[in-house]
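First, one chain by itself: the form predicted alone, in structure tokens.
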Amino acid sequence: MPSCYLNGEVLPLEEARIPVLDRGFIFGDGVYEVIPVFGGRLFRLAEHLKRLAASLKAVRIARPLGDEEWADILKTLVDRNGGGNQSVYLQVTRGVARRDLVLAEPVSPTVFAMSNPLTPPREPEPVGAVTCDDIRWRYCHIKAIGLLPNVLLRLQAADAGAYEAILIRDGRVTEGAASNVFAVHAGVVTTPPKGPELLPGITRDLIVELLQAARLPCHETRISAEALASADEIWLTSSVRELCPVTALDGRPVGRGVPGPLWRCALDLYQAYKQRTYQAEVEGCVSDLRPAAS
């Protein structure tokens, strides 16, 4: 039985309980993070915790723990669940209180974390996507737990036989229902800029960083719906699916209908980064175990 963390205690997931008056349950009043784990090590943890802190600040929930405390808790949880590759889900709600929109007095946040096994694909499979109106609220940079619009958009994509819904607002691409979006035109990679309309994805930021470090043309700029439709390549990024090629959009092939060469280049850069990061951590652990020179 997998273990979870709830309000200071590590316990079997099936035994975890929260009161029905928790504001996360009643109002969806909370934020979350999803953190991949490779080889028992939390991937880009500092970046995930920075985004969590930004979400908490935006919704005016006090940070319940510091970064070192988060790191200790999550590492303990990963170890208790067997190490290896996992996907950690971390959620903070405003806490338990009488049902009212405005709290009469502060309450303690509810902190919950769990993990599931993660099997990163050796070769991400191409997927289809459809474009949909972005029906979500105006603060999408907050990783909030109220995901009903995202659920409905994913259902709309599934009804059309597609994996993802790519969202359009005022004629421009924002992001996917559960991913960030990249497009390629004539060898130039673009992705929508950060702002309230989209979540600042950790994998998205890493791909931009890696492409720019490799001196490949990559720009954060607006992408029109028309430009998306004419793209040579389209990619989706997320912590769990990593870097996924879209080969069909609204039932029509993207480019030649197969994963493109720049996607392959970006994937190779990403996998090499993962390998370097993992190897550096392993070498650090080994050096820590070596006896000091006398």
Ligand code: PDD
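Remember, it's a predicted structure, so these values are computed and weren't measured experimentally. The numbering used is simple: start at 1 and walk along the sequence shown.
There is another form of this protein, the form predicted in complex with the named molecule, and it is not shown here; the text below is about that form.
Chemist: Please state whether all three residues Gly24, Arg63 and Thr110 have a non-hydrogen atom within 4.5 angstroms of the named molecule in the predicted bound form.
Modeler: Negative, none of the three is within 4.5 Å.
Chemist: So in the predicted bound form, does any heavy atom of Ser179 sit within 4.5 Å of the named molecule?
Modeler: Close contact exists here: in the predicted bound form, Ser179 approaches the named molecule to within 4.5 Å, heavy atoms only.
Chemist: Examine Arg51 and determine whether its closest non-hydrogen atom to the named molecule in the predicted bound form is within 4.5 angstroms.
Modeler: Judged by the heavy-atom cut-off of 4.5 Å, Arg51 is in contact with the named molecule in the predicted bound form.
Chemist: Can you check whether Asp134 is within 4.5 Å of the named molecule in the predicted bound form, heavy atom basis?
Modeler: Outside the cut-off, so no.
Chemist: Can you tell me if Asn150 lies within 4.5 angstroms of the named molecule in the predicted bound form, counting non-hydrogen atoms only?
Modeler: Contact with the named molecule, yes.
Chemist: Tell me which stretch of 234-242, 259-267, 55-63, 221-229 has a heavy atom within 4.5 angstroms of the named molecule in the predicted bound form.
Modeler: Careful reading of the contacts points to 234-242.
Chemist: Within 4.5 Å of the named molecule in the predicted bound form, heavy atoms considered, which of Thr93, Thr203, Thr191, Ser115?
Modeler: Here the answer is residue option Thr203.
Chemist: Note which of Leu210, Leu199, Ile168, Ala97 lies within 4.5 Å of the named molecule in the predicted bound form, where distance is taken over heavy atoms; exactly one does.
Modeler: If I apply the 4.5 Å criterion carefully, the residue I get is Leu199.
Chemist: Hey, which residues along 30-47 are within 4.5 angstroms of the named molecule in the predicted bound form, non-hydrogen atoms only?
Modeler: Sequence-ordered list: Tyr32, Val34.
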